[in-house]
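Here we start with a single chain on its own, the form predicted alone, put down as structure tokens.
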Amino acid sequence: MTQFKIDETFRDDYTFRNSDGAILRFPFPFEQDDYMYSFNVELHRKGGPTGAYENYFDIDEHYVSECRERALVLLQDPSRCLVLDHMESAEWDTLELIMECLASDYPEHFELHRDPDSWRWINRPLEIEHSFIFGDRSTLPCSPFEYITRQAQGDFLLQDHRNNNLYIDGGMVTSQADWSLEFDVGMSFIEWHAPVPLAHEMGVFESAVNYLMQMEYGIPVRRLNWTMTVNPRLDTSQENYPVWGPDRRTITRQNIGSKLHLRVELQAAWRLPRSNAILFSVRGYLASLDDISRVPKWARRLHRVIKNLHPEIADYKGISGYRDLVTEHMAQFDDGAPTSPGTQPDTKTLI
């Protein structure tokens, strides 16, 4: 049974820390010693290189604290959860999918009971027990999409499939990496990704749209994305840039190991049954450079990836201002030994 850290913070005093187990289950994003954009999609099956892949929606030791952080963000800015009116069917699809998966994968923490008249949902970690009528939003305290995504880690996006294209028509986004749901809602998939350098010339997003539009129900897929964040802050939205942006100037040789975090998104895409929309789950993970340095393979590889990173990608990932410091810091953990293919840690213990 997962032991939850209930008092962690992702702002102010930043008490977030990864246990040894959380480090070993981290979804390290680099399969090789260099990095370039690619359409790195695979089937979203249970199981993978680390424990983060064990279930469809990952619940870990930070669950309770992350849900509390989401509530704080929504209290300050309710626009972080927006769903266009025509997406109500997709909202109920999302609620059903997440409830079914959590109840099946974590029966010690979640239960879903369905009878002809009502559903009963039990969330023990958050002390929620609620009966409602599926399809009747008046029986929930908020919209079905907001209700269930308040109880899950990571961000969620609803994309409508129409006019031979995908459109971002809803989302619960409280831990995004420097973008704005309120600004992007209603955009097509290509428009949403317009700021990404180099990938458009490579045709990455055109291929992604074509692939996603052919997705079938019951066959979800996944991929990894990454950036770097100063301090273990989840809310790095464009709206809040004046709060977190200045942190970039606080990195020094002395504090980079503890302050700079590799931020990885395990992104999964699901075709929803009634609405035919696509749900994107964007589960975010944070690991400091100190955490990464405790896994020899990952430490070597991160040094090589950052050292050889294309300048435009380094700028887009937000690390151009301290890239040399990252490379210098991680060099001490790179003994020149070869690294095995894949993202698995190749160890069960940390140094």
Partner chain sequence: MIFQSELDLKVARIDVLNETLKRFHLVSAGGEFLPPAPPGSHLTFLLNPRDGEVIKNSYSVVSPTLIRDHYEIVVRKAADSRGGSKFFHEDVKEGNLLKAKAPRSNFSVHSLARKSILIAGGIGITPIISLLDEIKRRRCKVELHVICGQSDRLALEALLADEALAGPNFYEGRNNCSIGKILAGQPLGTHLYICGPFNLMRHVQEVAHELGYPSSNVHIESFGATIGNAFNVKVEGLNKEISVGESESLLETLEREGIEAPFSCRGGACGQCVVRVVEGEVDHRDFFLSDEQRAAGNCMTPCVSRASGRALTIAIK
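Since the model is a prediction, treat every value here as computed from it, not as a measurement. Numbering follows the first chain given and starts at 1.
Another form exists, predicted in complex with its partner chain; not displayed. Remarks below refer to it.
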{"item": "Any non-hydrogen atom of residue 53 within 4.5 angstroms of its partner chain in the predicted bound form", "value": "no"}
{"item": "4.5 Å heavy atom contact, residue 242 to its partner chain in the predicted bound form", "value": "no"}
{"item": "Its partner chain contact in the predicted bound form: residue 41, any heavy atom under 4.5 Å", "value": "yes"}
{"item": "Any non-hydrogen atom of residue 127 within 4.5 angstroms of its partner chain in the predicted bound form", "value": "no"}
{"item": "Proximity to its partner chain in the predicted bound form (heavy atom, within 4.5 Å), stretch among 233 to 241, 72 to 80, 138 to 146, 275 to 283", "value": "275 to 283"}
{"item": "Interface residue in the predicted bound form among 182, 108, 100, 191, criterion: non-hydrogen atom within 4.5 angstroms of its partner chain", "value": "100"}
{"item": "Heavy atom within 4.5 Å of its partner chain in the predicted bound form - the one residue of 258, 252, 207, 131 that qualifies", "value": "207"}
{"item": "Candidate site 45, 88 and 162: all three near its partner chain in the predicted bound form by heavy atom within 4.5 Å", "value": "yes"}
{"item": "Contacts with its partner chain in the predicted bound form - residues in 206 to 220 whose heavy atoms fall within 4.5 Å", "value": "207, 210, 211, 214, 216, 217, 218, 219, 220"}
